[in-house]
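As a starting point, one isolated chain is supplied in structure tokens, in the form predicted alone.
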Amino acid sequence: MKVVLAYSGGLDTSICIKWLMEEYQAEIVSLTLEIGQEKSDLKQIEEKARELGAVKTYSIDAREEFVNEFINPSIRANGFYEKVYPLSTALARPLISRYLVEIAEKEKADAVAHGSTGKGNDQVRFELAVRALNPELDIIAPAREWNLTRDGAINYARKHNIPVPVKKKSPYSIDVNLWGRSIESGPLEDLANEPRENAYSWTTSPEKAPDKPEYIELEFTKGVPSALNGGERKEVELIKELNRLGGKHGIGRIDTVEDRLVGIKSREVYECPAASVILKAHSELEKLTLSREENLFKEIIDSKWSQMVYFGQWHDPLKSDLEAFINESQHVVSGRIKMKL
């Protein structure tokens, strides 16, 4: 049996390699996408996968594709789930799923696998996308089948001499891409606990942020950011710079209780500086350029679009129908917004 595994190099997917080899006697092909993770080295991740037993590895820089085909539609749709979460992790899953299917077909694999648990949203996002693209592929979710806990994962890794970037004293589960950083588990499970500073990486605390504000000018062309402070630049670099600037001024920290699509409530902490700045600017520009009726109706469309993306319905026909309206509205959403950080 040959399995293509979505591999991040982290704890969950590292133990998945060993588990799949033990439980399924599978040959593992690993797939890693560069979509803006912090301190990510694709070659090192490939080497780690091979050391753990992968027979073949793929690593792909998909940052521009992620921005053009996933982040930009979300900007045009003012993409917030429950008016708070800018969909950072949710937007990445259909892209990863697309490559899982592509590599599985290329390698003539029997199945694809992911590291999602049975409690979260990502299992549904991965599996709906894979089913839409190739319903013949089997899908394996080791952490869900295993009913794996965080401590159990750490103990399994130590037993099999798998290096892990997490300790029991700091057991956060973290997902990172260009559009945001999500942090969950550990002490955050108790709603009474304020997130500790060690949970954050991109943002300065308000107490330590600069007292002197910083002004920026963000330019949009047909609903998509195209220039910062008068200088045109590639959007990947523009988003990276706004993550730096926004984070420096303490912008983009989100602490919320979220309604997961699997029917439970979950405490989620996010850092999304660039997303917070860009989406605010885009929304303000729409107020200037769209008619009253368009703005009122678009709020409904945007909310439904965001919910569908959060629920993993990237390939649902209704989402395409909603985008037909959204994209038509963006022809006039061009201009410059000055912001004070």
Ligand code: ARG
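One rule holds for the numbers: they count along the sequence shown, beginning at 1. Nothing here was measured: the structure is a model prediction, and the numbers come from that model.
Keep in mind that the form predicted in complex with this ligand is not shown, yet the notes after this line are about it.
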Original post:
Just one stretch in 214-222, 87-95, 227-235, 201-209 has heavy atoms within 4.5 Å of this ligand in the predicted complex, so which one is it?
Top reply: 87-95
Subject >> Residue contact check: Asn72 to this ligand in the predicted complex, 4.5 Å heavy atom >> reply: no
**OP:** Report yes if any heavy atom of Trp314 sits within 4.5 Å of a heavy atom of this ligand in the predicted complex; otherwise report no.
**Re:** no
Original post:
Given that the partner is absent here, does Phe126 sit within 4.5 Å of this ligand in the predicted complex, heavy atoms only?
Top reply: no
**OP:** Report whether the minimum heavy atom distance between Trp305 and this ligand in the predicted complex is within 4.5 Å.
**Re:** no
Subject >> Option touching this ligand, based on a heavy atom within 4.5 Å in the predicted complex, out of Glu241, Glu258, Asp110, Glu102 >> reply: Glu258
**OP:** Please pick, from Ile139, Leu245, Leu148, Ile174, the one residue with any non-hydrogen atom lying within 4.5 angstroms of this ligand in the predicted complex.
**Re:** Ile174
**OP:** Between 117-140 and this ligand in the predicted complex, list the residues on our side with a heavy atom within 4.5 Å.
**Re:** Asn121, Asp122, Arg125
